[in-house]
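The chain below stands alone and is given as structure tokens, in the form predicted on its own.
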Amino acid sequence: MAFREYKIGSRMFAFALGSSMMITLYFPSKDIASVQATKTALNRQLSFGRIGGFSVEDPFLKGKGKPVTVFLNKDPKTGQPIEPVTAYVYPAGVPFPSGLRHPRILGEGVKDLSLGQGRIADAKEGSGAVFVVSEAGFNGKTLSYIENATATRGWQPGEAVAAAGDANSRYIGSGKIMFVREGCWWCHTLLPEETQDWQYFGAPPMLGDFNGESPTAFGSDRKAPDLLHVASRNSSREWMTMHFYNPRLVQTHSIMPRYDYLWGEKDAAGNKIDYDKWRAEYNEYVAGKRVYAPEVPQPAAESEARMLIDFVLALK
């Protein structure tokens, strides 16, 4: 009978904690898993890849092991002109997102079409694949689904990247790694929450917009504008390049830190970036000793700056 009250209290506490975890985590996950994935969700997970944060394939958050989003206007296999299409290229060894690994989370209809007409079960990580988002009818409704274009159209990863070229390639999945690693979500949210938000930042997302995405990067605090639809408000790559290099170039009183170090050692032309000279000239500009601010170097194709800008400009 010793310490009976403590035993009862401990059991009640464990029951309350377990129940709260079930209500908070398990039941919502069951609900989310049963939600039908939207077209937005399919595009997001295919462009982001398996995990948008720390992972086995990218332990140091360098943007490795991610797909490449390409815009095609000709068939990669035949070279013939086609209607413009966005494709998601997974080179050999790049992990597939959850929707491909566990099709059940795509929801009824989307899962059936993806497995049937889309032939996603035929895709293998070891050999790589190319995916597109297509539409078809299911039980009287038109649904978006994932199509394994490698199986249905014969498109190979290397051919798709070559057909698009660097100008039509985007490193959105790698860019999300930069967004998370650099702490962008400490100040920016990806979730307009209230009516005032909707009027300025755009419509809030639907529950089915996040099937297969991990993590969602909603953010927990907002010290700067919401970015969920930022590319619909401002799609200028030049503006974004200036903004990330030094935010004060476009917003005089911005409290956002510089991200010029993401440019690396060389610019897009292969020239070494002289940061000390640029900052000295910028200080002269701020002091009124120069009429114009110094030219911002264009980020190299493989730079982390390019990845981050690609991600932000994909937020529509």
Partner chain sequence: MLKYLFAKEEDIPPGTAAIFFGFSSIVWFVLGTGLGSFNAAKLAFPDFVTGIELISFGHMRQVHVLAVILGWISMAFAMTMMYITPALGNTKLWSEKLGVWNCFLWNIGLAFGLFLLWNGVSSGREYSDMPWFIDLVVIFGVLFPLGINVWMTIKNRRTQGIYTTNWFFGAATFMVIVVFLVGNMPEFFNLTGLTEAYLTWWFAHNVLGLWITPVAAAISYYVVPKVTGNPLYSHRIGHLHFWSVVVFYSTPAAHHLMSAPLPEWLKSFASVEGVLILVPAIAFVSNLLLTMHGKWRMFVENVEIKYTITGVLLAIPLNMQGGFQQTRAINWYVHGTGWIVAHAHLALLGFSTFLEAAAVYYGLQVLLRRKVYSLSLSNFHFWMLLIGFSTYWISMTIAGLIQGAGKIYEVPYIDVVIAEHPYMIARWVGGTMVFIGNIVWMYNMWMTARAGTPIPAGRLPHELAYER
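Positions refer to the first chain, counted from 1. The term rigid core refers to the maximal set of C-alpha atoms that superpose within 1.5 Å between the two forms. In this text the structure is predicted, and so the values were computed from the model without any measurement.
One more form of this protein, predicted together with its partner chain, exists but is not displayed; see below.
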Its partner chain: the contacting residue among Ser236, Asn139, Thr195, Asn73 in the predicted bound form [heavy atom, 4.5 Å] = Thr195
query = So which of His229, Arg222, Arg119, Arg153 reaches within 4.5 angstroms of its partner chain in the predicted bound form, heavy atom to heavy atom?
reply = Arg222
query = So in the predicted bound form, are Tyr171, Tyr285 and Glu295 all sitting within 4.5 Å of its partner chain, heavy atoms only?
reply = no
Interface stretch in the predicted bound form with its partner chain - options 75-83, 141-149, 160-168, 199-207, non-hydrogen atom within 4.5 Å = 199-207
Exercise: Lys124 in contact with its partner chain in the predicted bound form, heavy atom 4.5 Å = no
message = I'd like to check something about Pro257: if you look in the predicted bound form, is any of its heavy atoms closer than or equal to 4.5 Å to a heavy atom of its partner chain?
response = yes
query = Can you check whether Trp185 is within 4.5 Å of its partner chain in the predicted bound form, heavy atom basis?
reply = yes
query = Does its partner chain come within 4.5 Å of any heavy atom of Val94 in the predicted bound form?
reply = no
request  = Would you mind checking 93-117 for residues with a heavy atom within 4.5 Å of its partner chain in the predicted bound form?
outcome  = Ser98, Ile105
C-alpha of Ala301 moved at least 2 Å between the shown form and the other one on rigid core = no
query = If the CA atoms of Leu42 and Glu194 move by 3 Å or more in the predicted bound form, do they move toward each other or away, so closer or farther than here?
reply = closer
